[in-house]
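In structure tokens, the next block holds one chain alone, the form predicted alone.
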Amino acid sequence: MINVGVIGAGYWGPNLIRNFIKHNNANLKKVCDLKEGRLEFIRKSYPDLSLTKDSNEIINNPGIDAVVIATPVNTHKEIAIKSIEKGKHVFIEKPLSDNYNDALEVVNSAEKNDRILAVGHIFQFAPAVTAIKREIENGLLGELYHFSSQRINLGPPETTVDVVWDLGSHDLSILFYLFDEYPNCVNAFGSSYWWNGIIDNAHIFLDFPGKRTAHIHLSWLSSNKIRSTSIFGSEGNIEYDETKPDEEKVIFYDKGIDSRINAKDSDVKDLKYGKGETKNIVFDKGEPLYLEVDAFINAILKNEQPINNGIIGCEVVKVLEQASKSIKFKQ
């Protein structure tokens, strides 16, 4: 049984609280938030849960094994390192930090103190993404070539971060998980249309050591929610649309047959091409956040690194920072 404390009960905190309470191998000991209203909200749902406004009651508690951090991103580094140095394993909501150097400090602290560090990249645990990873490892796509994604929705009414930092970590974590490598070149373009001075539409381009490429489009300019991802390979491509029903969410398209190849105009044959066979990819059901919590608890019990470890969290922050600098340079 892993004793857990949660720091932060705002927008996402209650979802984490619910899933840690539900887990058979987790015992949620205490929840912290600075705002009385948030604590009262948690108290109404879980009247027996111990609550506090002082995060040190969790960090310094020798009976707590793991700290879950769901606070504003600029507080992540301080809380995480204090927790790790007190011997706690840490689950920290994405992004790991608001800059690469701080993210690297957290990762190094976890390694130095032999603690498990997990970052809340929830889409690594989406059953559809897990199925895509399985099919790639089984060779369905052959040699991987390119990743392309669109993540579009209306932006928040008030924001202190731009669209790159708000949405980008989702697609980057999926990309790095599927490619199993990190980029050696990052380029980005962006504009501010509706949010004065804040980038609300951006394109990120990435090159990888294995000659693969990627393009990520992030935007706050439409009320039509778009969550589409395409992965291209030598044997075909996979289309993943998070907004569709499960039976239509992930589809493999065979590369097709092109009878024009090696054909001449004088040949007595149709010169045409067409798409190949399609296959719906079947995947298991499950709540991604519960699967993420389960992976964190099991990583502690087995002393194994989870797939959403500090390294991938750090690399995501690195690219977000590089993309932001690239956009500023071009403006």
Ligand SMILES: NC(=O)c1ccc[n+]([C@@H]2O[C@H](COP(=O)([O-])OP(=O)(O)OC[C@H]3O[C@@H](n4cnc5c(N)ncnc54)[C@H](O)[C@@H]3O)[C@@H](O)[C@H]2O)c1
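Numbers for residues come from their place in the sequence shown, where the first is 1. Since the model is a prediction, treat every value here as computed from it, not as a measurement.
Another form, the form predicted in complex with this ligand, is not on view; read the next lines as being about it.
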All of Val4, Val67 and Glu85 within 4.5 Å of this ligand in the predicted bound form, heavy atom check: no
Heavy atom contact within 4.5 Å of this ligand in the predicted bound form, the stretch among 73-81, 184-192, 222-230, 246-254: 73-81
Sole residue of Lys94, Arg115, Arg212, His217 within 4.5 Å of this ligand in the predicted bound form, by heavy atom: Lys94
Lys30, heavy atom within 4.5 angstroms of this ligand in the predicted bound form: no
Residue contact check: Leu140 to this ligand in the predicted bound form, 4.5 Å heavy atom: no
is_contact(Ile136, this ligand) in the predicted bound form, heavy atom dist at most 4.5 Å: no
In the predicted bound form, Leu34 touching this ligand (heavy atom, 4.5 Å): yes
Those residues of 170-192 which, in the predicted bound form, come within 4.5 Å of this ligand by heavy atom: His170
